[in-house]
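Just one chain is shown here, as structure tokens, and it is the form predicted on its own.
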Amino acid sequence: MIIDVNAWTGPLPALVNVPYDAASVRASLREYGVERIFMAPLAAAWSANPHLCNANVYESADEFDDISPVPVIDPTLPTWPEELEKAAGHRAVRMIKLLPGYGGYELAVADDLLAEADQAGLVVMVQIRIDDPRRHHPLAMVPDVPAGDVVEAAMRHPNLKLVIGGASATALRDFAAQVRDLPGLYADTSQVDGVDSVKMLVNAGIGGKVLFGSHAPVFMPAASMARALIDLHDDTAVGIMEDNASGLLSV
């Protein structure tokens, strides 16, 4: 079973002529053998209240058994405790997502939320980037969240399961030792681009902490598959595509 920990549904300004509704994203991933899809609402990145966008993924999970909703929660909004409680009480939610870059807050602001997520047994993904900054409109630039901020959060919350989502290969190589040594810290492959990039992470000793993420529909599923599979031994590839996420997310 291939598990995708970082898929999306909804609009993004950079998406042109790409179907982004949940059914279309699901179909594009199923074509490549993905059997469990962790899906977040892409519109949350541009919404003043991202909590309102979570209904989209909850509804998608009600329609499709293989979709697990990943609600986006903003710790700067006064309704975050209620939104977290809703996520924790939903039958299909295993993970929530934070978007500090688009929400305009420092990750340290989320410490109370992270502590509550830990108590609720939820995995937290912090999205480093959604789109390559080189493709941003010059009046809407969103810098990457520093991967080191996520590492520091993992150190402050040692029992929390925390995923660095959408980090570049360079960022993950810089923090490979911390990903390897901090028990609750993981990373996904969704923006680990470049020749042998995933293989280099495996060689750095973090193959058991790397999760497959497609970043569909922003990226094509075929490219994400190739990125995670090329030049890897079968057992390593199975770990990245299934076993690591299965253990983390209790799938």
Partner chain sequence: MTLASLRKKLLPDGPALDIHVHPLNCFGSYRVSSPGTDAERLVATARRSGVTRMCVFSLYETTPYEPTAEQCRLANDYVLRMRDAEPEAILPFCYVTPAFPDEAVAEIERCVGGQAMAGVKLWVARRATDPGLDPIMEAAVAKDVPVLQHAWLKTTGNLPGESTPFDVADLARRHPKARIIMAHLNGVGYRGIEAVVDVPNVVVDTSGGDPESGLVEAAVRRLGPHRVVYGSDAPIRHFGVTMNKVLGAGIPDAAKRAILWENALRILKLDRREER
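None of the values given here were measured: they were computed from a predicted structure. Numbering follows the first chain given and starts at 1.
Another form, the form predicted in complex with its partner chain, is not on view; read the next lines as being about it.
Looking at 36-44, 178-186, 194-202, 63-71, the stretch with residues near its partner chain in the model of the complex, meaning non-hydrogen atoms within 4.5 angstroms, turns out to be 194-202. 138 is the sole member of 78, 138, 104, 121 with a non-hydrogen atom lying within 4.5 angstroms of its partner chain in the model of the complex. None of the heavy atoms of residue 248 is located within 4.5 Å of its partner chain in the model of the complex. By the criterion of a heavy atom within 4.5 Å, residue 220 is counted among the residues contacting its partner chain in the model of the complex. Its partner chain is not drawn, but in the model of the complex it has no heavy atom within 4.5 Å of residue 23.
Under a 4.5 angstroms non-hydrogen atom cutoff, its partner chain in the model of the complex lacks residue 148 among its neighbouring residues. For the stretch 15-34, the set of residues having any non-hydrogen atom within 4.5 angstroms of its partner chain in the model of the complex comprises 16, 17, 18, 31, 32, 33, in sequence order.
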